[in-house]
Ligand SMILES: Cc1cc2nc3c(=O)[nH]c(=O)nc-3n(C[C@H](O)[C@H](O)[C@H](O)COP(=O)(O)OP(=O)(O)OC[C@H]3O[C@@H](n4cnc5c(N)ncnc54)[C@H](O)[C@@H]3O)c2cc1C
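One chain follows as structure tokens, the form predicted alone.
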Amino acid sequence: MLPIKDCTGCSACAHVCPKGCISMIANEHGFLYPQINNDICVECGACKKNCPVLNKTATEKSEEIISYAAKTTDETIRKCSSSGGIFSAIAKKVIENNGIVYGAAFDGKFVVKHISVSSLDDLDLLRRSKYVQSDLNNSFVSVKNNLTEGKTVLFTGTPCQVEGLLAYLKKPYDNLITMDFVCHGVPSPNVWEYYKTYLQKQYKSAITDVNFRDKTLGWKNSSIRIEFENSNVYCNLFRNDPYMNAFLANMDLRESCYTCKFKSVNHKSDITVADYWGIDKTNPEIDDDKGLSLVLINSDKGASLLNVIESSLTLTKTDVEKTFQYNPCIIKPAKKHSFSQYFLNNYRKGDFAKVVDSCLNPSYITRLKRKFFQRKTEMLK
């Protein structure tokens, strides 16, 4: 089986197991990992043969990587999107053609799960970034059923989730469109759960809405905005919010994110999207601080789809090489923070914001505690 440190939790192994003997079980940080029931396992090897990490192969490099700065012409949609609204434009076209769209959404308790939508009215559930690893549930099986029925399917997710789906399907489908996004890394679901509880205690009310990318102060000054049942609102800039600080400092990411095998400009998805950070430096004439999407075209299918929806977009062809310095997550995995393990073992102790700050700006005492913890951990190995 794949070592824990390399497992992305894509669930391809669980979905492909012919005996159903693999379950995805959460560890102490809420990350899902495969657990095998050895009593019914017949050691057929299907899990290993279909693991996208164990069988990772380099995607053939195209002669030219085609990249665009893109935004939807619908300003209402762009305002409520994380960047330029490219996802909404593509998803809208799929649904209008009687297709189905899969992506990450909040459930009633603001847990992030993959769901499917087939109505434009429900599309808003999938908009905006969710900075938590999503639970794929049984989505791979549902996607396959939809494809077999002849439905057009748009599946969106992290690069490892997309490659997990492709590994499970085992063969290409003309009616499948895959879209991944440039991923910084996926933070701990348990840290998110604790942070929600922390805020609900502070505001003495239940959460009713979460927007990780509120653009009221501009795209570059995105804020996390959380609304409560008692009409109170928490709104804080990314750079001032403790949850986002822990995430951006790489203190609570999945272990595999630190050695991610899916960092490349050559993805197996049809289209890759991201925030077009650095556009104010590379193409300032098209930057209005309302959000722009970076779009990488990875396949003929992706190129054809973009042509179909071109009338609903403003597209500017760009030099992808220039984006690397402003969006290094395209090609480089996150570097693990030196206080990552200390944070994961202490964020429940005391005030959450103070724990985050103590890891970002450690005192002499905090550094001593971390060294003691490291030595204790090494002795137990």
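Being a predicted model, the structure only gives us computed values, none of them experimental. One-based numbering along the sequence shown.
A second form of this protein, the form predicted together with the named molecule, is not displayed here; the remarks below concern that form.
At least one heavy atom of Y131 is located within 4.5 Å of the named molecule in the model of the complex. In the model of the complex, the named molecule lies farther than 4.5 Å from every heavy atom of T178. Contact annotation for N146: none of its heavy atoms lies within 4.5 Å of the named molecule in the model of the complex. Although the partner is absent here, T158 is a contact residue: one of its heavy atoms lies within 4.5 angstroms of the named molecule in the model of the complex. Listed stretches are 326-334, 43-51, 23-31, 352-360; the contact stretch with the named molecule in the model of the complex is 326-334, by a heavy atom cutoff of 4.5 Å. Checking G302, P242, G103, P189 against the named molecule in the model of the complex, a heavy atom within 4.5 Å turns up for just one residue: G103. Of the candidates C260, L296, V153, C183, C183 is the one whose heavy atoms come within 4.5 Å of the named molecule in the model of the complex; the others do not. If you take 228-256 and check each residue for a heavy atom within 4.5 Å of the named molecule in the model of the complex, you get just F247.
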